[in-house]
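Okay, here we've got a single chain as structure tokens, the form predicted alone, with questions on binding and movement later.
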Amino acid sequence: MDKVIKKNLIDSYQVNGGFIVYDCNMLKKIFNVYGIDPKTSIDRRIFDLEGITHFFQQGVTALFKKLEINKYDYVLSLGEGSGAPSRLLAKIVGCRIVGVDINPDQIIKAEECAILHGVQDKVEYYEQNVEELNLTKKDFTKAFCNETTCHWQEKESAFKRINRHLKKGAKIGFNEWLKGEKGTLNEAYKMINEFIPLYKKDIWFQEDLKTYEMLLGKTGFRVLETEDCTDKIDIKMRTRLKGIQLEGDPYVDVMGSKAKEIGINYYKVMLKTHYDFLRYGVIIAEKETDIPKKP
């Protein structure tokens, strides 16, 4: 990955960025005012705050079900971020998970939040670029990626690396941001002024579902199913936005009205990108053949 792109990507996911990336202390205060114990609860509000995901908790658990993950699986999470999907998986299934992410700040948050959730014995994290993935453990039985491959500049290289870490027959699933009818979110910078403050530029490498099928096929995977779920996600995000705008929320007592305004603005702006610059898809595949290392 280009150094400038890497820096822009890391800078896009900071506490003081264009949208709120919560650290562990912020989350403790919010959960306290909500009366939620993250060690025992899978209340959707936990994931809504921690996940920064357009698929929401329902879409992430649906991906886990498609992959048929059970407590005996050894799961690789790619583009871990601050670790919300892995923590959720650890709580609802009880399997072991290894998460990797390029952003050292997100890895720190993930480690701290694992303790907050009481799942530190189930999850572990490594700071690595997926395009150069090289873990000592190469016997994972399942893998998933939630809304992250859109940032991978060299997807074919990443898929080859992932292949070498999975057992033959292992399933891998993606909830992903796809290219829109007018291009990627890089083009949204040129067309939607309100989008510019949300993220740093040039960090988007979205593709369509056919391209994912081709790349996975070239790297030893057999695609089992794909789905364009843009309409579903668009409806869910619009519903979530209305809920935030209407509900009386103790969140404001902790974070202040400005934080709530930032959240509302994020949904409004991202909804403007739908279809033209952002679609959504689910991809399920399995490892069919090994990819040998270059001599």
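The model shown is predicted, which means the values in this text are computed figures rather than measured ones. Counting begins at 1, following the sequence as shown.
Although it is not shown, the form predicted in complex with a small molecule is what the next lines describe.
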item	value
Proximity to the small molecule in the model of the complex (heavy atom, within 4.5 Å), stretch among 216-224, 90-98, 178-186, 150-158	150-158
is_contact(Ile52, the small molecule) in the model of the complex, heavy atom dist at most 4.5 Å	yes
Gly173: touches the small molecule in the model of the complex, heavy atom cutoff 4.5 angstroms	no
Close approach of Ile284 to the small molecule in the model of the complex, 4.5 Å, heavy atom	no
4.5 angstroms heavy atom contact with the small molecule in the model of the complex for Leu9	yes
